[in-house]
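What follows is one chain in structure tokens, specifically the form predicted alone.
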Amino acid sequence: MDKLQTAREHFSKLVEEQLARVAKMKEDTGVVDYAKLDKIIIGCCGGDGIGPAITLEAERVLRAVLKEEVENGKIEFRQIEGLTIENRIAVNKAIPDDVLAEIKACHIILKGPTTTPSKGDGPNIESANVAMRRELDLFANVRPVSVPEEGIDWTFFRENTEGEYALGSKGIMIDEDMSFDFKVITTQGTRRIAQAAFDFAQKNGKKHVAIITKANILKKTDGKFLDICYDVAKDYPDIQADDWFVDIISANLINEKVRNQYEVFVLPNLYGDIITDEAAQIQGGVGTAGSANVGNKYAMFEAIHGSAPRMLETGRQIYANPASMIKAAELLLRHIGHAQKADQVLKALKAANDTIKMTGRSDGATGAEFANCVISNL
């Protein structure tokens, strides 16, 4: 078979898969109302590297603040093992089938970081995060960043199921001289992330949504994203919408003269990943930030940093800072309707950050000591 025919067949299969995904989005039945559930099941999935250590501490904080709800049967915690790099390599899947079944038996997932093998490190296994977002249709990655003393109060709505990440493990090498990767943007995928961003702005008194693309270069994909976001904006006349290229916004976020003018951002997948890491660094580092991954049926909450395998290799996981996972737990509480408890956790987390010295090494506190401080301040 010649190279062109191989490429045609490969691309044709990708298009068929994405058309099926579009059809599935069109059949979506709507949002789960957690207030109407007899019991909310929270699955705790440690992942690998430092993941199990910091997830355990975040779970302890959740159990403390939700003690009454657990005792009266309104909340149930479940442990989900097996989302380790070793297990995933053994079955050559981003998420082993039995683990995915356990995840889908829960309403909410508190998830620790997971490792994705780089080229040369092992089999071409897709990111567990990417696979989970796809399998649970967690289309909105919501990442808040706050630095009150500098007037920064940002909320990022990163599209979670499309862009380069959706097809990142499905590129094709034509020959030794040429390789292709792919990016996909759909009407349905863009419209729902745009609506999520503008709904949030409207409900939280925000007046500005910035649409981030590189539509001057990627005219078909980013151009489509931009057009649909502006179309959604027409339904929110009280909110100012404007657009920025991703390179310019990355510069503006470190420009102290203008950065406090931004409030809500809506971005395609890859740009959202990059820009929110930059924003987290302004807040104090990626270790300070949690994120929500929200769909209509499921939601998953996690830190935005990686699994730090070197800390595990050197036995330092007990010194890993759980602040990002506790921040994720705070977002989880807010999502299931416990805003007052989320405020308690946020206040207690600030007290711990002001009190406990975390260095990632034995000259600082352990993650358990940090979590104990949070719990004592609830």
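Given the structure is predicted, the values throughout are model-derived calculations rather than measurements. Start at 1 with the first residue shown and count on from there.
Not pictured, yet referred to below: the form predicted in complex with ligand IPM.
The contact with ligand IPM in the predicted bound form, taken as any heavy atom within 4.5 Å, belongs to V130 out of I172, L253, L218, V130. With the partner removed from view, the residue among V264, I304, I249, L110 that has a non-hydrogen atom within 4.5 Å of ligand IPM in the predicted bound form turns out to be I304. Interface residue remark: Y165 is counted as part of the site for ligand IPM in the predicted bound form, having a heavy atom within 4.5 Å.
When contacts are judged by a 4.5 Å heavy atom cut-off, R88 does not count as touching ligand IPM in the predicted bound form. For R143, a non-hydrogen atom is located within 4.5 Å of ligand IPM in the predicted bound form, even though that partner is not displayed. Contact check for D273: a non-hydrogen atom falls within 4.5 Å of ligand IPM in the predicted bound form. Between 176-184, 78-86, 91-99, 130-138, the stretch whose residues reach within 4.5 angstroms of ligand IPM in the predicted bound form through a non-hydrogen atom is 130-138.
Taking a 4.5 Å heavy atom cutoff to ligand IPM in the predicted bound form, none of the residues in 27-46 make contact.
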